[in-house]
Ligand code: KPL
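Read the single chain below, which is given as structure tokens and is the form predicted alone.
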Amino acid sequence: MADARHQAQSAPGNGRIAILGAGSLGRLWAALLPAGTTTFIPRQYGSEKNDPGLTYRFQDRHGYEYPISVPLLDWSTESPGAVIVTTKAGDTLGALEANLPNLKPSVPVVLFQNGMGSQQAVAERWPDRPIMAASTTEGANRPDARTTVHAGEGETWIGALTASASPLVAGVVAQLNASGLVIHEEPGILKRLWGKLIINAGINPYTAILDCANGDILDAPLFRNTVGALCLELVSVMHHEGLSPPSPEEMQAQIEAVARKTAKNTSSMCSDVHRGKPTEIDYINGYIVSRARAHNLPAPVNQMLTERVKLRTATQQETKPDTPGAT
């Protein structure tokens, strides 16, 4: 049974939202925004360039499953009204380098990456463009290549990273509100991104190292013996970044609460390790390590977690045959 929103057709044209990155999150937005209002930006290589569009099955939060078909953007005939970028953090800069020359300088670009560092790199590379960042707690996964599941309801916050983006945030929020998801305009987006970074840093690497669901880390000795020190490192770095973090005890409580709430979920980092794909560890715990070094602070727990995730990834890659990269 299709969601009623997706039955409402709207005329395609310059106002369509172009999605760069057809992973779980990109497909979630394409499925929930009204039909005819979105298009996927094709990869610059492979057969996808000649495909008419992307078709998959979508399962909504009520368990209804229905087909979704989204056309691919043809830069020669269409200029989108906004671009949302749902690529992996490490792929974002390169993907935008390949596509932004086709985009009008006034079109807003919204970054939906995990962790920190990739957003700043994009804003520094294109300081005159309207660049925004988003932080979302919406959950989506792909149990197989042909299916996308809306796995958890959440909220999304969007804020400006460059000066030219500030007056456009409200308009982008209004466009994305057509999805039916809960979306907020967020003037303090960097603080919001740090809030999500805390949760990702306290859950994702442990699940990847221990090869377990989120809730299973709570009783694991690795987590119990190091999470307190992890929080101390985060608090110290955030203070030196000019932020006002919660206390280490509050931070640990937040991490544990999210792990319990999402106990049966598998983190994207754990899934990436399983598939022998590069993880976003450099933009999560690795980012904390880099900021600690910039302030001459120690971060041994974050360093240890970063190294162990990379070791697991390398080991898994040695045992996995090469597979095509996800869009």
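Start at 1 with the first residue shown and count on from there. This is a predicted model, so every value here is computed, not measured.
Here the subject shifts to the form predicted in complex with this ligand, a form of this protein not shown in this document.
**Q** Where, among 194-202, 240-248, 160-168, 221-229, do residues come within 4.5 Å of this ligand in the predicted bound form by heavy atom distance?
**A** Selected range: 194-202.
**Q** Judged by heavy atoms and a 4.5 Å cut-off, are 114, 214 and 258 together in contact with this ligand in the predicted bound form?
**A** Judged in the predicted bound form, 114, 214 and 258 all sit within 4.5 Å of this ligand.
**Q** Can you pick out, from 37, 265, 59, 290, the residue that has a heavy atom within 4.5 Å of this ligand in the predicted bound form?
**A** Spelling it out, the residue with a heavy atom inside the cut-off is 265.
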